[in-house]
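Single chain ahead, by itself, as structure tokens, in the form predicted on its own.
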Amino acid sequence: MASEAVTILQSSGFFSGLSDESLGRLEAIARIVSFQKGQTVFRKGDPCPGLYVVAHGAVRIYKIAPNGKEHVLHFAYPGMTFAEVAVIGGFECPAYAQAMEDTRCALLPQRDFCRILEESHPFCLQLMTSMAAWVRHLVGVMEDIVLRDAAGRVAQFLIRSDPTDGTAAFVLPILKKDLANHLNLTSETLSRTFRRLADAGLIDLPDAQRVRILNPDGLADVAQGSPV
């Protein structure tokens, strides 16, 4: 029977290209860590503890501007990783990380992880593929913010978040205040945008945290720049 650490690592797309041998190396260094809702995982400027893989729960990674405003960089849900770049680059933590709910992770300590990188050429090659996919994801996030208006950003987020493919209502994976921050919108603008999409018959809003996509094609057009 696979250990808890291996089960967590195998659930992560970031490690999907690893061989059994490479997974075994990671299993040998992995530690299981837990965080309570609201607990800080690390702070900007801290030495990086290692690479985290979320087993259950959720973590938000954010920065604080000089004026004190928080900006969410991304969220880590089950199967997702965070602090990858800091670990591989040997950097201090470039942002803050906080558990949004009770969370359990596999932690791959920075020193041990980098030792495996130094010792195993195949592991490095396998990891480069995963890193390329992560960079592509981040470029997509930047494109959403820079190239799309408010309606386009919200539409794209809903399309990506809907696990039902438009067949049923689903719960937003994050609170609306965090979503507004993530999309670089004010809470008021986010609320108005949801209402515009609902009035246009593209979505339904059964309650504060649930959404149903009524017109997937129309919502996709909005995500690509069509006016609401």
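Position 1 is the first residue in the sequence shown; the rest follow in order. This is a predicted model, so every value here is computed, not measured.
Another form, the form predicted in complex with the DNA, is not on view; read the next lines as being about it.
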Could you confirm whether T164 comes within 4.5 Å of the DNA in the predicted complex, counting heavy atoms only? no
How about A150 - does it come within 4.5 Å of the DNA in the predicted complex, if we only consider non-hydrogen atoms? yes
Would you check, heavy atoms only and a 4.5 Å threshold, whether I32 touches the DNA in the predicted complex? no
With a 4.5 Å heavy atom cut-off, would you call Q39 a contact of the DNA in the predicted complex? no
Go through 24-32, 156-164, 183-191, 46-54 and give me the stretch that gets within 4.5 Å of the DNA in the predicted complex, heavy atoms only. 183-191
Residue among A168, I64, V171, L175 with a heavy atom within 4.5 Å of the DNA in the predicted complex: L175
Give, in sequence order, every residue of 64-96 that has a heavy atom within 4.5 Å of the DNA in the predicted complex, or say none if there are no such residues. none
